[in-house]
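Below, in structure tokens: the form predicted alone, a single chain.
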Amino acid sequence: MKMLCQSSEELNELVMEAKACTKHGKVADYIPALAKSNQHDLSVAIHYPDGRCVSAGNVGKKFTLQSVSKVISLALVLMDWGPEYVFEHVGMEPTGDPFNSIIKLETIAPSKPLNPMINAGALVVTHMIKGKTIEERFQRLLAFVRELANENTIHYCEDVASSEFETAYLNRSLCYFLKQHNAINEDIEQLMDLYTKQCAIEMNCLDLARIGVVFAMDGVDLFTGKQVIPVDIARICKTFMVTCGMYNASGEFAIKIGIPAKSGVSGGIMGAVPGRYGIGIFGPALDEKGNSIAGIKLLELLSKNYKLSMF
């Protein structure tokens, strides 16, 4: 098995090849703060379990997690409540619909979101984060993110959180529908405050790759030796990343690339190659499904050249 990218020069060649795709994508302008992104950015970091990291591009540039945060909030809630309770409230099935669709909630009884990676399911998961106040719940999530990344300076971008909060009409609609069907029982504006801050948690590719390698190694932080996430919960999260992590392109992604991954509309992608690597990518030009167009191309090149597919 060829060892994955031993030098930044080797990785940079693949980044430059993938970067040509950025002209075919578009930044997420429905969130005004994200519209400011440079669509031609592309950077990547690959973390090995032994602590080595190879990177290319402007890996220090920060971006918000957006839907990548759904994997982390799911892990926290599974640790808080246990799988049996969580999956009474959100399903485990992939959906061929867009990530922000309301269709399945209306057509399936009971009205339970199909999985935690679509917006409706993620809102129910965030609703389950334990804490007496919104601030306490957010600080618990933020502390968990910092522990996974081993970086205590990680915070959230107030500009992006505010921009999302002001324009989250569809997510509010999902929340009210879910509240009507007793899947949510808290104040919607408070939940939206928590959820938009969650999505606006900000980091760089190095941090994201560091989180990815913890998931890749079944929840163990090999640098500290700590089991940060229980093995079974890490396995559940990686399974959702495979089946639902790339929105309604997850099936094609599994065939072409074949690793657990989660994308966000800021252009971030977190990859967790089981037992091998964590990958963090930032490329804000999106395809029609909402995934980083150059990020996916880069992962295709990496998977092909270094046989990353788990299948």
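Residue numbers here begin at 1 and follow the sequence given. Keep in mind that what you see is a predicted model, and the values were worked out from it rather than measured.
The next section is about a form of this same protein that is not shown, the form predicted in complex with ligand GLN.
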Checklist entry - Hey, in the model of the complex, is residue 199 touching ligand GLN, heavy atoms inside 4.5 Å? => result yes
Next on the checklist: Although the partner isn't part of this model, could you tell me whether residue 31 comes within 4.5 Å of ligand GLN in the model of the complex, counting any heavy atom of the residue?
Outcome noted: yes
Checklist entry - Would residue 171 show up as a contact with ligand GLN in the model of the complex if we use heavy atoms at 4.5 Å? => result yes
Item to check | 4.5 Å heavy atom contact, residue 254 to ligand GLN in the model of the complex | outcome: no
Item to check | Site check 48, 150 and 212: each within 4.5 Å of ligand GLN in the model of the complex by heavy atom | outcome: no
Next on the checklist: Partner absent here, but in the model of the complex, which of 36 to 44, 62 to 70, 49 to 57, 273 to 281 has residues with a heavy atom within 4.5 Å of ligand GLN?
Outcome noted: 62 to 70
Next on the checklist: Quick check on this chain: which one of 163, 119, 95, 204 has a heavy atom within 4.5 Å of ligand GLN in the model of the complex?
Outcome noted: 119
Next on the checklist: Could you pull out the residues of 236 to 271 that have any heavy atom within 4.5 Å of ligand GLN in the model of the complex?
Outcome noted: 247, 264, 265
